[in-house]
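Form predicted on its own, single chain, as structure tokens, below.
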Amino acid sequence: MISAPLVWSVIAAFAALGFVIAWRAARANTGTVGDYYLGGRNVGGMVAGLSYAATTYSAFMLVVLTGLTYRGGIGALGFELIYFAGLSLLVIFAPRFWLAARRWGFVSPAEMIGARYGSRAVARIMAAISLVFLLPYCTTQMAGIGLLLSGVTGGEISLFQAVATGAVLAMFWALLAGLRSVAWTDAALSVVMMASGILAVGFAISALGGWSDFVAGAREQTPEWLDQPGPGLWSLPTFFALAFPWFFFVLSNPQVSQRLFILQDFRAMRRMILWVLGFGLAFTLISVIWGFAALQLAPDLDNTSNATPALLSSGAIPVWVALLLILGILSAAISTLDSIALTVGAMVARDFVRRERAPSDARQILTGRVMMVLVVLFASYFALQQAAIVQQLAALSAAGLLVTVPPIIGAFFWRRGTAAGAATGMLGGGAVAVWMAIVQGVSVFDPVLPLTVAAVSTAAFIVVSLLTRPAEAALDFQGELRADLARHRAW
């Protein structure tokens, strides 16, 4: 167990560093919508890549993925590698997102898809769907902060105190300077994430006698965890139910796809993807190895989400390394919260504020800030109420956001897609997701949930599009971006 005063002192230093970065970022802001939400569309590859990685590889990794490893074994690695494989979609869609955003000045992914189909209603539906299904994922991040800080201090830091701390930090950095503040903070603290993860795993393996003894211990003490389907969690249906929606995370989650709008050029895009791939693979291996180490150093946990706090409190990890790792997880969770809140704020400001009134940049930024506060407060409340089911909440989020994938793919590769088809697919699929998960109680570990949601949304999009006509105001991304893509085909 780590003393609460020591943890509080490190968090205070962490907050001070974040304040300095946010203050410098705020001084660089020009007060425009594009500057606040997209960092002036001039972010370099390394900063964008580290920010993307910190946003994506969030508290989910060392709280939930480690817990899934502790509970079900090596299948957790395969699950996360499916998501990692989904990053290949960046090669196809990143140039198209970036070109479309530059050419037409889009700020949010919902705004872009709505313009493609020539319908403001489509943009609003996509924004609403994203808001509804991103809130559980926000809850996951906030619950991760609560479980971590309360767990490593043996309850000296209460769940409420931990969640309130995360909420204050998340709101402060995003509200002060927008994307530039979040990206700069992400880039700095992602280094802490990676370094602390490597150090913590190294000390855990050392406490077990070295790498050979660690592997031998895993084979002798938990042999089922090294085989498939493992001790009970990772049946083929469960694996598919969790992995299928996460493969499309790059497209379905607007807080990461919006990162493709901020890049300064194609060279930065290439560097960003390489940084994300390198960081992601390394952090995935760290999280899974960490879970196996927890099995040996902190066995017989009732709540597998407490694997990381239990391991940090086991005495095997030096206090200074444990504190670094706490900061890494805290910064990852806050990064994801900030990114989601910022993206939701941008979508509400751009897609729900009436354009006929020509809202000023200041009004759109204010609207977004109000939404950021509401999102963080919502996540905080439900984290306090349901912190024990963070795994199910994250998976429900991924399954629900699948409904946005068909109209996104269709926007760039199917001219026949219509606004009516896009709207019907998203509304129909979203309604099915809510009905199955909440009314019928279908588990997120059941592949019927994501498969049904994907099938309904895709079929509705295609069928209704074939029965209706494209709007006159619809943009032709395929035709109008062809020349630009040809010029950058060697990107």
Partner chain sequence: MTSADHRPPAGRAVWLAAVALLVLAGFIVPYGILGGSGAPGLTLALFWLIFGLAVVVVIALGVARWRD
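The structure displayed is predicted, hence computed values, not measured ones. Residue numbers count along the first chain shown, from 1.
Just so you know, the form predicted in complex with the partner chain exists too; it's not on screen, but the next bit is about it.
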- Which of 417-425, 78-86, 100-108, 396-404 sits within 4.5 Å of the partner chain in the model of the complex, heavy atom basis: 78-86
- Task: Please run the contact check for Arg24 against the partner chain in the model of the complex: heavy atoms, 4.5 angstroms, yes or no?
- Result: no
- Task: Tell me, yes or no, whether Ala16 is in contact with the partner chain in the model of the complex, where a contact means a heavy atom of each within 4.5 Å.
- Result: no
- Touches the partner chain in the model of the complex: Arg482 (any heavy atom, 4.5 Å): yes
- Message: Under a 4.5 Å heavy atom criterion, is Phe261 part of the interface with the partner chain in the model of the complex?
- Response: no
- Proximity to the partner chain in the model of the complex, single hit among Ile92, Ala164, Val353, Ala195 (heavy atom within 4.5 Å): Ile92
- Since exactly one of Gly202, Gly155, Pro299, Pro229 fits, which has a heavy atom within 4.5 Å of the partner chain in the model of the complex? Pro229
- Message: Quick one: Val20, Arg71 and Trp184 and the partner chain in the model of the complex, is every residue within 4.5 Å by at least one heavy atom?
- Response: no
- Pull the contact list for 230-268: residues with a heavy atom within 4.5 Å of the partner chain in the model of the complex, in sequence order. Trp234, Ser235, Leu236, Phe239, Phe240, Ala243, Phe247, Asp265, Phe266, Arg267
